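One chain follows as structure tokens, the form predicted on its own.
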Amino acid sequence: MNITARITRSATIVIAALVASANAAAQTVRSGNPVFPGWYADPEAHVFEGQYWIYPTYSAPYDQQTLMDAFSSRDLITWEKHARVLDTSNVSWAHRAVWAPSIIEKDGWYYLFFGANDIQNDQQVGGIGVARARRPGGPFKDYLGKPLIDKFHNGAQPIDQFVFKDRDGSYYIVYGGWRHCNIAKLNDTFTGFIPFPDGSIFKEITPAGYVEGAFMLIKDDKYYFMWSEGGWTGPNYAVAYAIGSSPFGPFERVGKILQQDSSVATGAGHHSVLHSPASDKWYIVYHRRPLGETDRNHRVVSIDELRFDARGLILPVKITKEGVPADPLPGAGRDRN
């Protein structure tokens, strides 16, 4: 082999090694936890218009909780902040404690459901409201001019709502604090409710151990009803779940799947679940409290992989500092979460 051939061969080997090293590095890039800076909690994650979106509570004293930011990403690694997608200046009846957003797209509109004012009885003004916008990044404007749910029904404080579309095209809201959870069927315009066959509007579906933070997903003909339990200000905050055959249950509790790891973080809870249309992976997006933080509002948003076993049961989640690898989305598209 002549000198020129040796040099060419050596250069080819070096270039191949560099490419392999770069590819390996790209594959090991992870989101890190928290996924974006700032004190945030109660995150709900979706795929909208070819991007991942996370809508969290701005975690601050109640009188300062008068806004909501959102965050978008194409790969779960790099996140863009969209400031003040909702602000109480656009909601006449809300003045504090705006939290726990839930968002859904319908007929070209994005509807953002939120709790406000932390009402303690039926005489106070507040509850669950609705705002809407043409784009997932807002700005969202109050839709009704009043709360959608402003009273306690079946003992449930009107907070911590989750809105979802069932397999038959019906839309439901699942919500409730104070250890009670209700489900109600939304009408076509999201301005009110469709009564159930027995004439009731709000059906209680509270499972054993429920405290707050309702979430529901459908997978392989099973309804996974998930919630938070324990005290949200303490280290024992956790996520548990039950399985049923319909959104009304009955739900059989399975157990806890997300909780603190004293070597990583405490107070892991109030989550949502994200299903990637690119990789078909499932992720749990949740808040937790960094080690050493004692302020109850010092919470951050994290993401880890959610796995199911062969029977469809959710495996316990390992909370990490590293987060998840990149999961890039191709092109634009509607919500496929």
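The first residue of the shown sequence is 1; numbering continues from there. In this text, all values refer to a predicted model and were calculated from it rather than measured experimentally.
Form predicted together with a small molecule: not shown, discussed below.
Shown alone here, F193 lies farther than 4.5 Å from the small molecule in the model of the complex, counting heavy atoms only. The closest non-hydrogen atom of H270 lies within 4.5 Å of the small molecule in the model of the complex. Taking non-hydrogen atoms only, T57 approaches the small molecule to within 4.5 angstroms in the model of the complex.
Put simply, Y237 is close to the small molecule in the model of the complex: some heavy atom of it is within 4.5 Å.
The contact with the small molecule in the model of the complex, taken as any heavy atom within 4.5 Å, belongs to W232 out of F152, W232, W79, Y223. Residue-level contacts in the model of the complex: of Y111, F215, Y241, W99, one residue has a heavy atom within 4.5 Å of the small molecule, and it is W99. Partner contacts here mean any heavy atom within 4.5 Å of the small molecule in the model of the complex, and among 158 to 166, 181 to 189, 80 to 88, 102 to 110 they occur only in 158 to 166.
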